[in-house]
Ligand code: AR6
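Encoded as structure tokens, the following chain is the form predicted on its own, with no partner shown.
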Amino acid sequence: MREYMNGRIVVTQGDITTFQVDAIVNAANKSLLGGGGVDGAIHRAAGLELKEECRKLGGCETGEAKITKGYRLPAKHVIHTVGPVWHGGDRDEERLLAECYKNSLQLAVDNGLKTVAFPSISTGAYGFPIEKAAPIAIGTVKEFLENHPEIEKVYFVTFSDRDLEVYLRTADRILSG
């Protein structure tokens, strides 16, 4: 675990479903009804009530975000965002990924939330190269926090050792300047 920006950004490794924060972010699919990876883990940990609330939201478009309760999770809320599928970078994937982080944080602000934990959005089944995704994630969050002091802490929670190394290297470069 490493902290940046006076502790406002934390890069760590772990199971995002165990984080006690105001909101964890779900790398969801457009239906919001659960899937594999982080999405499936969050739905399993939260319980069936999460799926029932998600049914009422009518899905979500790529780059957008929607919020639900956290139910059985330690987190009070789940912010669901749909990351872009990687098609080689010529379908606006980088802008859409940045929108996932911006819109998720804006929802947190709009709902009075102060602590948020993000997974590495789109870098699993959606195939976004983590070496391209990490600078977008960290840079977008840094810029947002500079203009929104009401967000106290953002965690980047990686699953694998390799992802942790990429995020730490990227955060050192972007945030330690």
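Bear in mind that the values here come from a model prediction, so they are computed numbers and not experimental data. Start at 1 and count along the sequence shown; that's the residue number.
One more form of this protein should be noted, the form predicted together with the named molecule, which is absent from this view; the next part is about it.
Looking at D161, you'd find every heavy atom of it more than 4.5 angstroms from the named molecule in the predicted complex. Heavy atoms of A125 reach within 4.5 Å of the named molecule in the predicted complex, making it an interface residue. Among heavy atoms of T115, none comes within 4.5 Å of the named molecule in the predicted complex. For G36, a non-hydrogen atom is located within 4.5 Å of the named molecule in the predicted complex, even though that partner is not displayed. Listed residues A46, A134, A108, I121 were compared with the named molecule in the predicted complex; I121 is the one with a heavy atom within 4.5 Å. You can rule out all but one of 137 to 145, 27 to 35, 64 to 72, 47 to 55: in the predicted complex, only 27 to 35 has residues with a heavy atom within 4.5 Å of the named molecule.
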